[in-house]
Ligand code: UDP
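So this first bit is one chain, no partners, the form predicted on its own, shown in structure tokens.
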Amino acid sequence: MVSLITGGAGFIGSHLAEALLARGDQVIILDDLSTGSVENIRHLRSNRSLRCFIEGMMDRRLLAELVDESDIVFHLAAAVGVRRIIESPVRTIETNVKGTELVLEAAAKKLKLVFIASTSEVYGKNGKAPFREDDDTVWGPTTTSRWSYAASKALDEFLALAYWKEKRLPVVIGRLFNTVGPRQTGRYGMVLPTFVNQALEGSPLTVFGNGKQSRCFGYVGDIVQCILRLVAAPEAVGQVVNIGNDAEVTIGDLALLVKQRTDSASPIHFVPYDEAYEPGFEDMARRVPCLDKLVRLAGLRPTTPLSAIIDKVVAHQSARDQRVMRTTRRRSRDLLSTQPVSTLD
């Protein structure tokens, strides 16, 4: 199999590439590094079955060529993170909607199977939990830019399903719930790596809101295996499927658990949403998936406990910090060794 991954240098994309290469597939990565990083795939670059193109999806000709060469397309490229969405709403909408349109357009010419990575954000403020794939979506007003991400990803789903219905393009849509693990960055507001970094540094853990909002965190390795099972299941074509862990935890309790797993004395500070993001910011009280459909179609579900996930993130971040320190010390020594020596009598 030849697999094309848009956003393949990102957090989830790099783990997906790793799994595909491990099973013997050829992998093509297309990523403009706007949120991804070469560091995420550096350990894979020596694999002869991997090809990387550091370009954007808006290069229609390149995208068409890569889709033609592929047996399946994993479309993961998207604007990610609440902070990025708030700060760059135009880029968020254009990246999500235009990028998906171009991928589907190119894939439809040869009827290539496409996996579309959607998000639990689509459910919006729906107070019903756990969320089922056919539940209503409930968003806030268009004047609140926070909902532009949910709306753009919902449009991606509509467009993908329209291509399946009208053009018979095989598509599988996965609504991902809070995927976490090594290589995820807190740069764009992702809560777990942010808490881990703060705990390791001895800084206050910043909990936005009152900390009573709850989420479910799925280990990226589990999520990748679910995706691979879904795209291999003919019954999943034309379907929208929740993908995530259904073990619920409040953000306040998550902060306490990170403190415990890191043996950190960091205090916990609560920051109002208006200060953290923008006036009028809205968040969901709960975000819990119903996994019945995932289990029926994929035959498995994410089960890695949150404590084990935190330990993996801590180990990865600690190793990364040590590498950075060694590199900094080596550069300092190299700099000192090149400085002219002054001898004064």
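Residue indices: 1-based, along the sequence shown. The structure displayed is predicted, hence computed values, not measured ones.
The same protein also has a form predicted together with uridine-5'-diphosphate, omitted here; what follows describes it.
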Checklist entry - Just to confirm, residue 251 within 4.5 Å of uridine-5'-diphosphate in the predicted bound form by heavy atoms? => result yes
Item to check | Contact of residue 208 with uridine-5'-diphosphate in the predicted bound form (heavy atom, 4.5 Å) | outcome: yes
Next on the checklist: When the contact criterion is heavy atoms within 4.5 Å, does residue 95 count as touching uridine-5'-diphosphate in the predicted bound form?
Outcome noted: no
Item to check | Heavy atom of residue 191 within 4.5 Å of uridine-5'-diphosphate in the predicted bound form | outcome: yes
Checklist entry - Where does uridine-5'-diphosphate sit in the predicted bound form: which of 305-313, 34-42, 272-280, 291-299, heavy atoms within 4.5 Å? => result 272-280
Checklist outcome for this item: in the predicted bound form, the residue from 175, 215, 183, 84 with a non-hydrogen atom within 4.5 Å of uridine-5'-diphosphate is 215
